[in-house]
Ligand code: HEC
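Quick setup: one chain, the form predicted alone, written in structure tokens, and binding and motion questions come after.
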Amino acid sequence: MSRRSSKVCLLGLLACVTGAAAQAEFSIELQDYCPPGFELTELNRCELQTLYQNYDSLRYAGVGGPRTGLPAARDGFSPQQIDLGRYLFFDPLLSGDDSMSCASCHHPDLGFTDGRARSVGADGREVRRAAPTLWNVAFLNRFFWDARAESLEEQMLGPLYDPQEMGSNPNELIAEIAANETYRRLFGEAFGGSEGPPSLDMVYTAITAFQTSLISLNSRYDRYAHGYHDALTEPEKEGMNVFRSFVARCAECHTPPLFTNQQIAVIGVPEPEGQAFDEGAEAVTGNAGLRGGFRVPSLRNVAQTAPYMHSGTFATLREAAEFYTLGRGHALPEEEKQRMIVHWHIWEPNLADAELDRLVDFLATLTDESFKPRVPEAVPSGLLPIGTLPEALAQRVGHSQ
């Protein structure tokens, strides 16, 4: 056991003993088959299969008709790489003090978020922004709220090594993994029987492989889009018509079927009380026109990912929907109204209460967790998988960790 694991065990002996017992009880072997929704090729690669591949319509054209094609997905990883990534994702060994895993902020039972307005790092302090969902990240080309990363591998370097998040460092992380006999065996299997210790690039590839397997494309909306029109109720269809209308303009940015156009939008969301103004993409690009701008999130499984916006400003979908109908820049501080360029599509549609209610009804039809991955019963480190949920959230999802 590593020195940092020993330190955590002194603070939580029962958790470490339980984790070690689980390690001994369950033999950890990698799956040789693909996750649901993927087809195994002769080259031992998992390729995504979806009905949306049958549609040749222009991607992101107009407001996105039901049978609009998806952008290209990142796939082609082996079943073993995907499954190894699953173990890494839920293993607290990846944090600096073994207290949290990737799943601590991206919990599968909370829409791969953490149910918080702003995430909490290994030191117990809130970070600046909320944890975005990981559903369908295989289709994305930019990551983080401010879109500063262009790949999943680049993105994961932030939380892994940020002292305010998981607080690890590259040398310590790879040393811990290389010292673990089970991980050495699993990396050898996942990367072609390679000899020698695992590399950091292998770690990043495996976690990326797992994240790209998190596909959500079988909601009731999808069944409607593929031709089964009874999949939605009449109120939900009314909500879809509001969503796609040239009055509400929701689909201008949240374009079906991915329900994001992957662009940065300046919509004038206020910060929660007491929170300093977040300049967003301006700090990354240097473009003053993107002050307060953030990457448009996908609305897939949005009913599972409250609270909403980059810093959890709105507690409910109804509040978030209402924000868009109250006028351009209405919630901004006076000093920011003079500096920010709120995007043209954020105007004043004056939606009625009933229309907002129908919007919320429609957004609930985007829920699909049928491909939610199985949480490992044990991870190679011997620590408890996932990490501890706050008590209130544990009650919400039926856990008692």
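The first residue of the sequence shown is number 1, and the count goes up from there. Because the structure is a prediction, the values reported are computed rather than measured.
The same protein has a further form, the form predicted together with the ligand, not shown here; the description that follows concerns it.
Quiz item: Counting only non-hydrogen atoms, which stretch in 45-53, 366-374, 342-350, 30-38 is within 4.5 Å of the ligand in the predicted bound form?
Solution: Residues of 342-350 come within 4.5 Å of the partner.
Quiz prompt | the ligand: the contacting residue among Ala130, Leu217, Leu110, Leu290 in the predicted bound form [heavy atom, 4.5 Å] | solution = Here the answer is residue option Ala130.
Self-check item: Contact assignment for the ligand in the predicted bound form, among Asn180, Gln211, Gln80, Gln304, heavy atom within 4.5 Å
Solution: Flagged contact: Gln211.
Exercise. Find out whether any non-hydrogen atom of Glu165 is located within 4.5 angstroms of the ligand in the predicted bound form, and reply yes or no.
Key: Although the ligand is absent here, Glu165 would touch it in the predicted bound form, with heavy atoms inside 4.5 Å.
Quiz item: Does Gly115 make contact with the ligand in the predicted bound form, using a 4.5 Å heavy atom cut-off?
Solution: No.
Quiz item: Do Leu186 and the ligand share at least one heavy atom pair within 4.5 Å in the predicted bound form?
Solution: Looking in the predicted bound form, residue contacts with the ligand do not include Leu186, since no heavy atom lies within 4.5 Å.
Quiz item: Should Phe191 be counted as a contact of the ligand in the predicted bound form, where contact means heavy atoms within 4.5 Å?
Solution: No - in the predicted bound form, heavy atoms of Phe191 and the ligand never come within 4.5 Å of each other.
Exercise. Any residue of 102-131 with a heavy atom within 4.5 Å of the ligand in the predicted bound form counts; write them all down in order.
Key: The stretch touches the partner through Cys102, Cys105, His106, Ser119, Val120, Gly121, Val127, Arg129, Ala130, Ala131.
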